[in-house]
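Presented as structure tokens, the chain that follows is alone, the form predicted on its own.
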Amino acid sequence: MITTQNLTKKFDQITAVENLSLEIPEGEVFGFLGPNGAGKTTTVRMLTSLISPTQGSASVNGFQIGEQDIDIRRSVGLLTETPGLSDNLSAERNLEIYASLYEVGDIKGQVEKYLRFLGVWDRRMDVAATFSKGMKQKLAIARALLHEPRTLFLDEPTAGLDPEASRLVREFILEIKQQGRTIFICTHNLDEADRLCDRIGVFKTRLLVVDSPITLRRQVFGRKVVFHLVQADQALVDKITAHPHVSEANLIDHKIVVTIDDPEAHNPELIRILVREGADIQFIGELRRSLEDVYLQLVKNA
């Protein structure tokens, strides 16, 4: 579990993180989204006890930052934006060193477990310098998991990975979630965040909004239902607009796009209106805005 209260970090006269108050329950996949320079990495560094906050407080896995920093570092895994591996050492030796630093009991077993899972086992004796960016990213992910942390911080976890490897990492993140671990993801891949995250926080020095992806879509754009008709005219639009739960209706070719609260409850009423007016309905669908649309609108408003 992660909690913060007015967490703030200033560098000289620049405020990187301002009054961040947040609660992430155990077992949640939380997405932290924001533009470059928004303070996301600074937040992760504070929560993993790599740097101290200027003011405010936070706890990770029940340990207070600034008071129990060693306990926090032992209980979290961290994937940084750049792998930071020893290029002149083999993949296996890289992980063995970190496993010993984390005081892992079965070092050989844990190293083999994650190298095999991430598809690097066959190249375990190759030095890291010979690895592609994607392979180094896999190795860094394995390093973050060696000590079976309760909370995992991932900064751009699929950066540089091909589609197959990216899918493997996403599936692994969901598997970790099922084990009850908390996962904090900083990512620019909004499709990935949409698929993985239970909730999303949009951040630009301060926290703009926190909620599930589906709720954010509805809050920002409302729910829009599209009625595809054989023929449509403004008279039909006017009839639909008169419904008390419709906030907007627009005619686009032979489609009527309706903004309505609770479509499940009120769509049947709209269908009856259209049929009564002689409209031939081909099919009905809901217009689904992408998480990218939501994110860009929120950042623009900020």
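All residue numbers are counted from 1 along the displayed sequence. Since the structure is predicted, the reported quantities are computational estimates derived from the model, not experimental observations.
Note that the form predicted in complex with a small molecule isn't included here; everything after this is about it.
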property: Partner contact for F283 in the predicted complex: the small molecule, 4.5 angstroms, heavy atom; result: no
property: Distance check, I65 to the small molecule in the predicted complex, heavy atom within 4.5 Å; result: no
property: Residue contact check: P53 to the small molecule in the predicted complex, 4.5 Å heavy atom; result: no
property: Partner proximity in the predicted complex: P35 to the small molecule, non-hydrogen atom cutoff 4.5 Å; result: yes
property: Options 22 to 30, 261 to 269, 238 to 246, 39 to 47; stretch whose heavy atom lies within 4.5 Å of the small molecule in the predicted complex; result: 39 to 47
property: The small molecule: the contacting residue among E92, E148, D211, E81 in the predicted complex [heavy atom, 4.5 Å]; result: E81
property: The small molecule: the contacting residue among H188, R206, R195, K177 in the predicted complex [heavy atom, 4.5 Å]; result: H188
